[in-house]
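Below sits a lone chain in structure tokens, taken as the form predicted alone.
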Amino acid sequence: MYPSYTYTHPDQAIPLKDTTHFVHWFRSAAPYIHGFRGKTFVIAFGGELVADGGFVQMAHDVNLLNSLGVRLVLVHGVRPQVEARLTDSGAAIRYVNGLRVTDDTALACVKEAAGTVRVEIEALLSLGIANTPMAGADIRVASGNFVTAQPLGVRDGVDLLHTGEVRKIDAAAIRRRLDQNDIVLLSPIGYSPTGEIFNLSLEDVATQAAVELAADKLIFLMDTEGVPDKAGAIHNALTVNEARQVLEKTRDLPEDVTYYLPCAITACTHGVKRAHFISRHRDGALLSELFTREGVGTLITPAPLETLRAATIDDVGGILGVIEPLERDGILVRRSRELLEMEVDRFLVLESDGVIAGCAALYPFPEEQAAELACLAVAKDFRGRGFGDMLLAHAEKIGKKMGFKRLFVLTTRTEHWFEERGFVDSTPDQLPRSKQALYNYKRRSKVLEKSL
């Protein structure tokens, strides 16, 4: 929950009720700000976001991303606007497996709706009113015939007429616009080399654009909060393989998830680094998803976000960030940076989306065929995800591979946690001799061991 504040002109004072949370959040967002600069995001949203006025707030967030150097491609839909025009004209509305049968009347409505929505979006992105988040904005929007299309033809015995699919995205032309700091706006319309016009789905345009641009993120704004599991809770993150299982095993998925999730899978298997599903109904969802570690929707990745690996000298700062709070609380024995640099080859780290989330160290005692598991720690923001178990299991695997017969730990606070994982009570005189000489009787750490 962000603190409330009053927005004023940048030259005026900004009265804040409580700046503590704001400052903490702003600092924690710095790595994302650095990481996103120069990256390409494709953001897709249905025509409902424009129809219900939600794009006003969205424009503020798009403006902020643009000001931070993010290269933005927006893809909008027009389904509700087309439906309204067809209903007003008394024309038939026909679908086949979720695809509109676009006859001449429907195509006329699509062209009219796409033009209207595009102009409305461009107008909202052109705002620069003082005392609003758009103050000082100087956004240029580029749109045009970037999408080449072809007809879908006959499906299930029905000719879809002017309904088409993306044949090609002019990625080079889009990149030239992005290089000029323009925001590129793509409508769900494509053109053939013979001059025909085709009605496209926004998810098809967004997915193909993201793939052709090798986008860093493909973001879908939906009616739902994200991808639900069988119990209805929202998945925080899924790999591509896990997303496929959701499609296969989860019944009664929301309609927009059934449309967008296959597209996210396709994108992430063809070079797009991340796909996100967030709610269009939540104000600020885009910023919350991008600039907080937990996010507010569902993240799709080609591979697991977490990796376990041997630590390097470059990880020393990240390891210190994990263990220093525990050292201050007396849970871990204090280590100097110099000592950590000397012993970093003893450490393994668990990295989550580029951030050191946990660590552990193995100190061998070859004569006794034993090893000490030390400095097992998980950063506060990452607890409750099983990372401690992952580190322990990996340390045990390494210990076995190195030929050790037992693993021992010294702890003052986490005795039960280790006992629940197969460790048993031991005594200081059961420690390797060289370790016995270093045992701190004032600290009175519990000694536990486990056979490997």
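It should be emphasised that the depicted structure is a prediction, and the values quoted were computed from it without experimental measurement. One rule holds for the numbers: they count along the sequence shown, beginning at 1. We call the rigid core whatever largest set of C-alpha positions still superposes within 1.5 Å between the two forms.
Below, we refer to the form predicted together with a small molecule, which is not included among the displayed structures.
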Original post:
Just one of 169-177, 376-384, 307-315, 97-105 has heavy atoms within 4.5 Å of the small molecule in the predicted complex; which?
Top reply: 376-384
**OP:** Taking 4.5 Å between heavy atoms as the contact cutoff, choose which of Thr414, Gln57, Asn66, Ser426 touches the small molecule in the predicted complex.
**Re:** Thr414
Original post:
in the predicted complex, which of the listed residues (Arg421, Lys400, Arg27, His34) lies with a heavy atom within 4.5 Å of the small molecule?
Top reply: Arg421
**OP:** Kindly indicate whether Leu326, Ile331 and Gly388 are, all three, within 4.5 angstroms of the small molecule in the predicted complex, using heavy atoms.
**Re:** yes
Original post:
After the core is matched up, is the C-alpha of Leu373 off by 2 Å or more between this form and the one not shown?
Top reply: yes
Original post:
Do you see a C-alpha shift of 2 Å or more at Phe408 between this form and the one not shown, with the core held fixed?
Top reply: yes
Subject >> Is_shifted Leu392 between this form and the one not shown (CA, 2 Å cut-off, rigid core) >> reply: yes
